[in-house]
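Listed next as structure tokens is one chain, alone, in the form predicted alone.
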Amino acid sequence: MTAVPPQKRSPLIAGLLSTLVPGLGQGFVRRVYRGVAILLATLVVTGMVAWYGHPAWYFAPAGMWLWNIWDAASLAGGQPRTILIPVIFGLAAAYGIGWQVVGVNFAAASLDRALAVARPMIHPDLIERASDKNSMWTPVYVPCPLTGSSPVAQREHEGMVASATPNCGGPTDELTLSVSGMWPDTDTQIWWNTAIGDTNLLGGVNGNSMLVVRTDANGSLTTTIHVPLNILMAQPDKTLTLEHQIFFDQYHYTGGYRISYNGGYAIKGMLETVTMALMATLLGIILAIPISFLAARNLMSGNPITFAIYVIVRTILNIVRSIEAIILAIIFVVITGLGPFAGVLALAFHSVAALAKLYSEVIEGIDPGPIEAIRATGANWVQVVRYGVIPQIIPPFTSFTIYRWDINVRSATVIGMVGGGGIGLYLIQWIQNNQLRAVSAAFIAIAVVVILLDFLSAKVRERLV
């Protein structure tokens, strides 16, 4: 049988139709999908340019419109044109407008600011030289009471006397600190401890380094400081006068090295983060496995009831997965309070949706032969799953589970920054207090743990998958 050649269309009419409505000429020559795609692409790019409002970017939809006329006329003559040209116009507008919307401006970057951040981070506060410690502190009251007077800012202990004058102050106010009876001729680190236990440095520019003053031959020193600018940041009632502490720490080095104070918190926070990720992944597995069978189309399409369950479960999983874990963490922090428990719940909630989606896709991709054979024997749904599905899904399930644990370790770090516990909680405090050496220690701890977990998970996958 001789093939019937397609009916020719007029290039002029096709071009005129696409001039009136982009894509209409393509529909006229029976390339409907191409015409719809051109219309939608032109509308999207035009809407984006109209939203941004700069007339220069109208060259993109104009170029797409002209190409669309050319393409319609060419299609009518049996010679389609490459879609690369409108793609280039669309990407040029998208990336050009995006560049301007986000305000990319490399000239605004300051090398001095970058070096101010980088210099202390070159020396991470992870380990320190082993030493004996001599410590003294004095109370100081922030802010000054609106009525009456605050207690004397002076303390005596084991022959040492420390004081602050005046005895109270607010952010940026000047205080004179004095201490006597300490080790003579010794560098003394002076730092601020807030009423809720946060640390503030007092040296450098805006408190970006430790203030170090040397005692005289009698073990005394006097120096002037300014109350840290962010001292009331975490205090709900800024007018409430609370007792803060100013510490004077001295060290005699005895040889060798040990984990520093902040280094200990970095290690503790990282262990807490890994534990959070492990607990969240375990809870996610327990809940995701049964849900994944309900979300597998090939198992749930047998009758209208099971198919309706499949649609409902899939919809819920998509909704939950669309909410970032950090948003869930904020919600659970409000419900349960600050701490790792809120972080575990947020990670587990998100892991259930993510793992159930991955598991269900694995189930949908299995070989249907064993399932059909088992069904042919008259087996029920549970037997089909037990003997036809589970043997095929164990290896990919294992791989996805380990991968999710890796993701949860990284997510747990970010979740801690909104109060979900782990190293992120310490990290955000160090950033706020400008303790960049401690931030560097946290980065090292995170990198080491992530690299080790990646290595171990690869070895586990080699053995199990």
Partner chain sequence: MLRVENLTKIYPGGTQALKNVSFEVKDGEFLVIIGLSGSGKSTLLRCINRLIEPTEGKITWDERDITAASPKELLKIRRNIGMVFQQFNLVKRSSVMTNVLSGRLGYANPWLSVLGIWLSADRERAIKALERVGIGDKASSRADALSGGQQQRVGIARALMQEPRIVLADEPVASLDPVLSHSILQYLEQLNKDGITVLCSLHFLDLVHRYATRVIALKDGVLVFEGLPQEINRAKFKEIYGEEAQEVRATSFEAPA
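This structure is a prediction, so every number in the text was calculated from the model and none was measured. Numbering follows the first chain given and starts at 1.
FYI, the form predicted in complex with its partner chain isn't displayed, but the following is about it.
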query	finding
Stretch in contact in the predicted bound form with its partner chain, which is absent here, among 340 to 348, 309 to 317, 366 to 374, 86 to 94 (heavy atoms within 4.5 Å)	366 to 374
One residue of R119, R113, K133, R386 in contact with its partner chain, assessed in the predicted bound form (non-hydrogen atom, 4.5 angstroms)	R386
Option touching its partner chain, based on a heavy atom within 4.5 Å in the predicted bound form, out of C144, M210, I330, A379	A379
Its partner chain contact in the predicted bound form: G63, any heavy atom under 4.5 Å	no
4.5 Å heavy atom contact, P151 to its partner chain in the predicted bound form	no
4.5 Å heavy atom contact, S178 and its partner chain in the predicted bound form	no
Its partner chain contact in the predicted bound form: Q392, any heavy atom under 4.5 Å	yes
